[in-house]
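Below sits a lone chain in structure tokens, taken as the form predicted on its own.
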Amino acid sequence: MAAIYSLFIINKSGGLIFYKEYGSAGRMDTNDSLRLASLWHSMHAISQQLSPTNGCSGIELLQADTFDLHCFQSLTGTKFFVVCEPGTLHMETLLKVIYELYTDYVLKNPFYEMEMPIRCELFDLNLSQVIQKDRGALLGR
């Protein structure tokens, strides 16, 4: 069973610009993935405003019985979140590696328009390699 179920990338306006499933359990249709991304964007924004701590950047980890949701927000407001098995380690590092891939292969692509869905073959290819490498590392625990 895969440790990582899915990856979402949300733009600063809350729009889903990238979604990829890696697990076979609980496949979502397009509308469900859009709803989940929108819900997460809203919860993240509300948590920033309601936090008793000054300078809070929002929810970074949501733990449930059947999954963990790890989030990384870039300085531009783009959010990267991974849904994975409960207790999966090193997801913060994985999210930062995914962000580096995003900056290298998406933002530097002259044909990519900001805030639009990501359609970049090199990003997909390198992302798949990173996820497979991470799965191998997790299985070798």
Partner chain sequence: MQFFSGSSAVDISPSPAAPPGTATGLSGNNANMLYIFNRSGVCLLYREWHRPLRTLDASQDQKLMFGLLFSLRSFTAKMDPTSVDKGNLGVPLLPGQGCSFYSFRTNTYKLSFMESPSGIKLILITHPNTSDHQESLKHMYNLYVEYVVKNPLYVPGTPIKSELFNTNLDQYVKTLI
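Positions refer to the first chain, counted from 1. Here the structure is a predicted model, which means the values were calculated and not measured.
There is also a form predicted together with the partner chain; it is not shown, and the following applies to it.
Exercise for the section: Mark Gly77 yes when one of its heavy atoms lies within 4.5 Å of a heavy atom of the partner chain in the model of the complex, and no otherwise. Expected result: Close contact is absent here: in the model of the complex, Gly77 is far from the partner chain, nothing within 4.5 Å, heavy atoms only.
Practice task
May I ask you to state whether Met28 is within 4.5 Å of the partner chain in the model of the complex, using heavy atom distances?
Solution key: Taking the distances in the model of the complex, the answer for Met28 is yes, it comes within 4.5 Å of the partner chain.
Problem - Touches the partner chain in the model of the complex: Ile46 (any heavy atom, 4.5 Å) - result: Contact with the partner chain, yes.
Exercise for the section: Classify Glu115 as contacting or not contacting the partner chain in the model of the complex by the rule of any non-hydrogen atom within 4.5 angstroms, answering yes or no. Expected result: Result no; Glu115 lies far from the partner chain in the model of the complex.
Practice task
Quick one: from Met91, Val106, Ile98, Leu69, grab the residue that has a heavy atom within 4.5 Å of the partner chain in the model of the complex.
Solution key: Contact check passes for Leu69.
Exercise for the section: Using the arrangement in the model of the complex, list in sequence order the residues of 27-48 with any heavy atom within 4.5 angstroms of the partner chain. Expected result: Read in sequence order, the residues that approach the partner chain (within 4.5 Å, in the model of the complex) are Met28, Asp32, Arg35, Leu36, Leu39, Trp40, Met43, Ile46, Ser47.
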